[in-house]
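What follows is one chain in structure tokens, specifically the form predicted on its own.
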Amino acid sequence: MKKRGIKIDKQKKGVITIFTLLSVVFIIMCFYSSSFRSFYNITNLLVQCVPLACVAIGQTFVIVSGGIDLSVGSTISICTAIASKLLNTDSVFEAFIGSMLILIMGIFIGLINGVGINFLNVPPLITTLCSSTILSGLALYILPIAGGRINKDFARFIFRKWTIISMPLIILLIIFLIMRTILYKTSIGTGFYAIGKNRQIAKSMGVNVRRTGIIAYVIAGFCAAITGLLLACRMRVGDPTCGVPFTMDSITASVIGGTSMSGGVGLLSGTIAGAFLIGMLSNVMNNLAVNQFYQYVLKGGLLIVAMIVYSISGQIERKRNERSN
């Protein structure tokens, strides 16, 4: 338990670092750009970062458990496409029922991924890549081009604002508190870290490896479906390709926030900070009219730098442990 506490403390130091970086970038941009520091832009920025933060939380569960989910972007796309059909109604109640069905569909997609990986022993990269391809095709079949309609009153409720506080932020807070409880306060959460470190050792310790692995992908599918609903309500239409950037961005946010791609390491608070950092940088570059090409280059560069930094720190930690032993 003592070693576990030490590792958590080290992860918390990484989270403090990413929050510090986030604060520094925010302060610098407030001084540099008057349009960025405007109240309207800041409130919009907080709302715009929520969808990425939601899907990145789910991605963190998967990466912590030693996997990866390349299907979250396509899950988001098909959810917005279906939302344009199910939520195209004048009844708020029917729109609510439709949104519940979409969340169930996200859970089902995660379940299929989890079963394929943990029972059929297909590698996560292959399973989720195949899922992503199939879902992308289905999204285009359901909605060939952006269109449809989302119930206006339902969308307004989902994106209601009270000055700086908004419904998307409340939704994110609720998701964070629920997922935080699952990850840190339950035996299932301990199992995610255990199978991420070593599945065989975790199994010998009594962890139900297959069930735990499936739950991680179910959570990822559920979080991706929430993001799909949020995007549909924000756009008021469906878009069969809107989820494409979220696959890479969710991985980047998770890794920047301190989650190890090798599994077994990661904190949700760091992931959220990483998501807000990416969202803020995108907002800054849009305000400065930076070409989208450079935005993709920056995101890729951030991912590479984060992986190098955490890899080096991991090697240093292992050497220290070897010396101490």
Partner chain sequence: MNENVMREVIDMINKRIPLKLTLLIFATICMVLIQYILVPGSVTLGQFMIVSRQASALGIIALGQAIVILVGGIDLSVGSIVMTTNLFCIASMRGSNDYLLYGLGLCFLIAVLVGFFNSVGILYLGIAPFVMTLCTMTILQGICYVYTQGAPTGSAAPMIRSLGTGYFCKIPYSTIIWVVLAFVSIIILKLTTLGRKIYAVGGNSRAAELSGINSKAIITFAYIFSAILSMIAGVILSGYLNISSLTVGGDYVNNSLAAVLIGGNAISGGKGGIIGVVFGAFLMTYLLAILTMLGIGEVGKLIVQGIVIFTVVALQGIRQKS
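Positions refer to the first chain, counted from 1. Here the rigid core means the biggest group of C-alpha atoms that line up within 1.5 Å when the two forms are laid on top of each other. Because the structure is predicted, anything quoted here is derived from the model rather than measured.
Just so you know, the form predicted together with the partner chain exists too; it's not on screen, but the next bit is about it.
S.K.: Each of 41, 164 and 176 having a non-hydrogen atom within 4.5 Å of the partner chain in the predicted complex: is that the case here?
M.R.: Contact check failed for every one of 41, 164 and 176.
S.K.: Taking any heavy atom pair closer than or equal to 4.5 Å as contact, tell me whether residue 116 reaches the partner chain in the predicted complex.
M.R.: Answer yes; at least one heavy atom of residue 116 falls within 4.5 Å of the partner chain in the predicted complex.
S.K.: Does any part of residue 308 reach within 4.5 Å of the partner chain in the predicted complex? Heavy atoms only, please.
M.R.: The answer is yes: residue 308 has a heavy atom within 4.5 Å of the partner chain.
S.K.: Does residue 169 make contact with the partner chain in the predicted complex, using a 4.5 Å heavy atom cut-off?
M.R.: Judged by the heavy-atom cut-off of 4.5 Å, residue 169 is well away from the partner chain in the predicted complex.
S.K.: Does residue 242 reach the partner chain in the predicted complex if we count a contact as any heavy atom within 4.5 Å?
M.R.: No - in the predicted complex, heavy atoms of residue 242 and the partner chain never come within 4.5 Å of each other.
S.K.: Only one of 146, 130, 92, 104 comes within 4.5 Å of the partner chain in the predicted complex by heavy atoms, so just point that one out.
M.R.: Checking each option against the partner chain in the predicted complex, the one that comes within 4.5 Å is 130.
S.K.: Work out which of 280, 29, 47, 261 lies within 4.5 Å of the partner chain in the predicted complex, going by heavy atoms.
M.R.: Contact residue from the list: 261.
S.K.: Of the listed stretches (218-226, 151-159, 68-76, 92-100), which one has a non-hydrogen atom within 4.5 Å of the partner chain in the predicted complex?
M.R.: This holds for exactly one stretch, 68-76.
S.K.: Under the 4.5 Å heavy atom criterion, name the residues of 120-144 that approach the partner chain in the predicted complex, in sequence order.
M.R.: Heavy-atom contacts within 4.5 Å come from 120, 121, 122, 123, 125, 126, 127, 129, 130, 133, 134, 136, 137, 138, 140, 141.
S.K.: On a rigid core superposition, would residue 302 pass a 2 Å threshold for CA movement between this form and the one not shown?
M.R.: Yes: residue 302 shifts by at least 2 Å between this form and the one not shown.
S.K.: Taking 2 Å as the cut-off, check whether the CA of residue 27 shifts that much or more between this form and the one not shown after a rigid core fit.
M.R.: No, because once the rigid core is superposed, the C-alpha of residue 27 moves less than 2 Å between this form and the one not shown.
S.K.: Any CA movement of 2 Å or more for residue 292 between this form and the one not shown, core superposed?
M.R.: Shift at residue 292: 2 Å or more after core fit.
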